[in-house]
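As a starting point, one isolated chain is supplied in structure tokens, in the form predicted alone.
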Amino acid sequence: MMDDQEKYMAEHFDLQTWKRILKIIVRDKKSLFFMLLAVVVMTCIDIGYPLLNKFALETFFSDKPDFDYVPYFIALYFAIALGMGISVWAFIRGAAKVEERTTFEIRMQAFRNLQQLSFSYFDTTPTGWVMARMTSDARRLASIISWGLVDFLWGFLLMIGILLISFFINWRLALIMTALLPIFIVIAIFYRKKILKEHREVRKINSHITASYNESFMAANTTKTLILEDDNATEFNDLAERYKRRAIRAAFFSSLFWPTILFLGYVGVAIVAYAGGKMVLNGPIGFIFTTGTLYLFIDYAIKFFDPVMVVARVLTDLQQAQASAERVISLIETPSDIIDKPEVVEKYGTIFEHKKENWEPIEGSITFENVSFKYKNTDTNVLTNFNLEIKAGEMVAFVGETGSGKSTIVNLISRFYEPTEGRILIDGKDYRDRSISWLHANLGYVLQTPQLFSTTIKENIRYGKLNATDEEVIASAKLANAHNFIMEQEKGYDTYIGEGGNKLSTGQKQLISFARAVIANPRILVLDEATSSIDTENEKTILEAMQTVLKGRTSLVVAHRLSTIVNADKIVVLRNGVVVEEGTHRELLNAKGYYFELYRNQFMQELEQKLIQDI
């Protein structure tokens, strides 16, 4: 899956990508303006003080020296030194602010877009890939952009300024400096392609390494129980070895580029010094070429090829960062597969800016009309022409073997996905004619594996309604049958539960997730195999909580344990995305069909386990 994320990367330097990045940078216009102003001042000083030295050589060290200008010379030199110090301080401060602001903007825009993406994006995108974009790529890109912008502008302005003054003073020597530029360009183009290719591979492997780190942490228990430590270490070593080889190859081309440019630059300085020296010693008749002018051209030649090398280095850095820029922009600009229509946004608002005054109250009736659905990048339908009627306030359970479409149905109802064909109606209206936020504000969802956060019990429950009072938190906990065990904790509702709730049992975590789901009083409640990980000792507590929590709401239960749905108003039995049976628990048992077989087999398994435990 990660390789799919690399396909969008072009084989050339994409200016459009950098234009998008620049739009992020210019958000902090004030810092950017002062940074660039400081660079312009510093460039003017760099161009000006060799002219001052030329004046000093020709005025104070000529055959007839004139020392009347010494005080002015000292004052001007002092002003230049002060101006250089202030401008350096200003551009360093400005570049640092631009860097931090750019990092902030990249991460905020990427995170904001992640909140809007549908489940299909997370189905096909590894966590490690996203983490690498949000951390290392964002920081690297901001650093290269901010400091590279300073260096590039300084180098470019210095080159132009030196060339203009040089041609004005002596066009012959200026031509020598200019003649080397095409050679620099050819070399830069050659190395650019090599460096860009290698660094793309480096960043690609780095994404695999980040994903491997993440999976190792998340699957530590599985690794140890299956004794896979050595295999994992070997696999990671192979990845690290590939990374090392590619990184060394990239460093090899980068290391050749700089010395080549450096060598050519000083060849240019030597040629200028040689030609200028001949002009000083035996220039043409009527042509005066002083030692001061020779000094000026040697100084300018050094200064000219130095910014050429700086600009070349910046271009190299940008080439190396091209892959990072492409990935970051991809993360920021990836469109969601599920979006509201413009007219819906106009009336109901966006995910981030709600217009709750236009949100209609929801009753909770749900209708599937000839719904077909297949997951992204697949060819097989999970559901085909699926029809179902759910009345408001009903408890409807979905049962069937793995892959029968149970979770797909509740995810479609929740609009985590949308039908490939057909319609889903809520209260008689296509739910795509109302906003995603409207639906999700009326939806509670309890997962098979509850996702808790590394904070207190109170804050985990309040996550379902961020502005909930302490009284509302306690009330929802009592409704979910969680209050008693919470009060047995050392600090009650203020107890920290550890990373992912690892200080609590599975049953306790599930009760907290129940409380979190109902604190906002949703009209539709989804339980996606919420009891499948619960031991039989805690099942009674969970069932009691379910009976209380589900009362008066439209409830959709994906069931693994059939004993938890015997009181459902309707049980929908699925097989390969098709409804094979439908009715109450008693009706389906009397029919002695597929549901009867499922229930009997599960009952016998549970009875057998109980007998073994008793023995």
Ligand SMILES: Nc1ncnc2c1ncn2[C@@H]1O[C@H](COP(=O)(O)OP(=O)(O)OP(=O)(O)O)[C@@H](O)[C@H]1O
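What you see is a predicted model; the values in this text were computed from it and never measured. Residue numbers here begin at 1 and follow the sequence given.
Same protein, other form: the form predicted in complex with the ligand, not shown, and the subject of what follows.
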query	finding
Contact test in the model of the complex: residue 54 vs the ligand, heavy atoms, 4.5 Å	no
Residue contact check: residue 529 to the ligand in the model of the complex, 4.5 Å heavy atom	yes
Interface membership of residue 560, the ligand in the model of the complex, 4.5 Å heavy atom rule	yes
Any non-hydrogen atom of residue 343 within 4.5 angstroms of the ligand in the model of the complex	no
Contact test, all of 369, 427 and 442, partner the ligand in the model of the complex, heavy atom 4.5 Å	no
Position in contact with the ligand when the complex is considered in the model of the complex, options 414, 408, 384, 206, heavy atoms within 4.5 Å	408
Selected contact from 360, 401, 470, 231, since only one has a non-hydrogen atom within 4.5 angstroms of the ligand in the model of the complex	401
Partner-facing stretch of 129-137, 372-380, 254-262, 492-500, counted where any non-hydrogen atom is within 4.5 angstroms of the ligand in the model of the complex	372-380
Heavy atom contacts to the ligand in the model of the complex at 4.5 Å, residues of 88-125 in sequence order	123
